[in-house]
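Okay, so we've got the same protein chain twice, two forms, each given alone as structure tokens, structure 1 and structure 2.
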Structure 1
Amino acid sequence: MMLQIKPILSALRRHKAGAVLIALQTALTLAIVCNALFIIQQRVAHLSAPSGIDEANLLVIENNWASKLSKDDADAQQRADLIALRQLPGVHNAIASNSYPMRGGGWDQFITLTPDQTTAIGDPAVYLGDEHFLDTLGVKLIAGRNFRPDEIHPIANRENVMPPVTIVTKALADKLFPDGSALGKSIYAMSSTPTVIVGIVDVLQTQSLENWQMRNAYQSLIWPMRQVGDAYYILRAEPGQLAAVRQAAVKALYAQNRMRIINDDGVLDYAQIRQQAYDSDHGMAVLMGIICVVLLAITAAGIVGLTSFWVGQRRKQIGVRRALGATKRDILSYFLTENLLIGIAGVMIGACLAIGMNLWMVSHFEMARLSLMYVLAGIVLLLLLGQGAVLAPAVRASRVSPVEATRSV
């Protein structure tokens, strides 16, 4: 097989254009497929990040009051609502909060270790909740304790009260106190009042999934407060009861007080929340997948087309070679080797293009660096694709009979 390389190269010189076109197409396809596969992997990794909550049984209801209520009235209304919700059949627990994981944005708060520090060392998401928060969301407490009922305070919008105690996620605790001593320590929320960490929970995803928040992924803190006024009611249903709870909850809230606003799109379960949050990641992965498949198909088809043409053009030469004693295998391996040589030239250019394209995207779109594994996988994929595409025309070439040598075209 190796012996054929020299004659192949000199034959290639006779039809440079076709060879260059195939090499170029291979190179560009490699560049795009590598990057597309990499984007798919990144997006899939992003959208399968765990939330740490009992998604299957959670329901979020956005509740707004129609008229302006005093803090006391709003507090009383909310207490009544929560009692009604917790008593509904099929409801495991319910709370009122300012936000929920994957909401898309919300309250985040700079944190410092001393009161006079001006540069924050963390920007965690802030969740407000009472002693039912952990149980309602199904978040796992791994150290310390839950809030006590006497620590909970109602908070109206724009009230800026630093709670004396807080619960943090393990990710935040590790960031603030890498030596693992977070429990019982004080932190400051850019203020002079200290807040003591009384509990640490395992995983609780942040509200925003944007790039800027990804730097603080899973850094969340829970403050012992009930957001009164406009708030989100979060309900945890008993397993299998979510649909029934969904029906009953809104009805129960209107039965408490009609002067509220609950929009149709203000009632969401986590299948819907997840879908909204990761819509573009999911779509981007699908799009890149389609592009990869179509591109590979088009490249393969192009190789088949051009090689078929060459075989047709060279029937006579092939016949001569066969008449001179070349076996079918020789002819087959001639075309396979030819394709391999063009393919290797193509993937070498393509690897440079792929890395160049990725570097350009890194500098423009906050994307991660392409792992070389993707380039290697792409190279193998394209070389195999080329060999597969050339197989049919090459087999046809090997079937050319020696008699062709005597025939005019």
Structure 2
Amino acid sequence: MMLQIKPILSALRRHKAGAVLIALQTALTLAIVCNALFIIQQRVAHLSAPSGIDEANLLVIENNWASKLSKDDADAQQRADLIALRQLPGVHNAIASNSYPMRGGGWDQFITLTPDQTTAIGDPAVYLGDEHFLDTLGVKLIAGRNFRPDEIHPIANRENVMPPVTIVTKALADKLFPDGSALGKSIYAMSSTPTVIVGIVDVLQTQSLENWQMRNAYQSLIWPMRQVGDAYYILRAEPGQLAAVRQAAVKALYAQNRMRIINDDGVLDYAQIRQQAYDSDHGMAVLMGIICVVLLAITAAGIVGLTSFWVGQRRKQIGVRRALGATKRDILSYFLTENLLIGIAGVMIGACLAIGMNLWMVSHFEMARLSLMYVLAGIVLLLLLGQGAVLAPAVRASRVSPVEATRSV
């Protein structure tokens, strides 16, 4: 192969335009495919991110009141609603909360370790719930204790009240107190009132799934409060009873009070919530996959077309070489080596483009940095694709007979 490189380079210098075109096409394809595959991997990993809750048996009902209720009336009505929901056949437990994991957005709160600290240590999601919160969502308590009934207080929408105790996720506890246990420690939430950590739960995903929130994806606070007024009722059904609970729950709520608004799209199980939450990720992964396939097909077609053109142009040259003793293998090796040299030039340029493109996206779209494994895998893929694409025209060239050369020279 080494002996053929010099004449190949001489031949390529006479066909600069075609060689440069294929090299640039390979480079551009490598840059786009590497970043596209990386985005697909990120999106797929995003799709399968654990929530820490019993998704298979949870139902969320968005309850809005048709008229404004006083805090006391709303609290009394909510207590009656929860009693009715918990008594339904097939219901394991029920709560009222301000939000739920994967909702798409919600309340988050800057956290500091001292009241006069000006730089927040964390920006966790805030969930409101009573002593039934952990059991209803199926969240695992790994340290400390649950809320006591006497610690639960009602809170109206947008009311600013700091609770004396809180439960945090392990991810948040580790961030706030990396050198020791967070239990019993006080934190501050943009207030001079301390909040003592009384419990730590294992995993509880936040409401927002935006890329900028991914570093805080499992940093959550649970405050011992029931949001009265407009709120989300979250029900945990016994295994296999979710469909029956779905039908009975809305009827039970209207039986309690008809002056409420529950839309059809306001009653969701977690299969629907997860689908809505990750719809853009799924769409992006499919789009990136289609782009990769199209680009690879165009690149392969370009290599086949150019090599076929060169074979036609060099037919006499090939025949002469065959007449002078070159074997079919020599001709085949010549075209494979020629394409490999063009491919290597293309992937070297493409690797630089891929890294540069990723750095630009990191700075503009808060994406993660591209792993070099994707670049290496892309290089191997493009080189194999090039060798596969050139194989058919190269084999056709190797079959040019010396007799044909003698006739045509």
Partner chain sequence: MFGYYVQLGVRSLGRNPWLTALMVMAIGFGVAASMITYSVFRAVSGNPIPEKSERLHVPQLDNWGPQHARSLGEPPEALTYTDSTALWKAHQARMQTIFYEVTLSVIPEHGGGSLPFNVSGYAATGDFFQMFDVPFLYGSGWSQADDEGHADVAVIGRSLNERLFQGANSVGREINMRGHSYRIVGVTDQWDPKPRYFDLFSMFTVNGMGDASEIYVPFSKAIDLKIDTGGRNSCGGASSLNAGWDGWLHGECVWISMWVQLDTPTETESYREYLRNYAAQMQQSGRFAWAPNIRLRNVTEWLDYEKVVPPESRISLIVALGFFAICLINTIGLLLAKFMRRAAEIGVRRALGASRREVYLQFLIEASTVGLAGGVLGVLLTTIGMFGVGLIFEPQIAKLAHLDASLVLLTIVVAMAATVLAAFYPTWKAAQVQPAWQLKSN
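Predicted model only: the values in this text are computed from it and were never measured. Please note that residue numbering is based on structure 1, beginning with 1 at the start of its sequence. If you superpose the two forms and keep the largest set of C-alpha atoms that fall within 1.5 Å, you have the rigid core.
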Go through 1 and 2 and tell me the one that is the form predicted in complex with its partner chain.
1
Once the core is superposed between the two structures, does Q117 show a C-alpha displacement of at least 2 Å?
yes
Comparing between the two structures on the rigid core, is the C-alpha shift at I61 2 Å or larger?
no
Examine A45 after superposing the rigid core and state whether its CA is displaced by 2 Å or more between the two structures.
yes
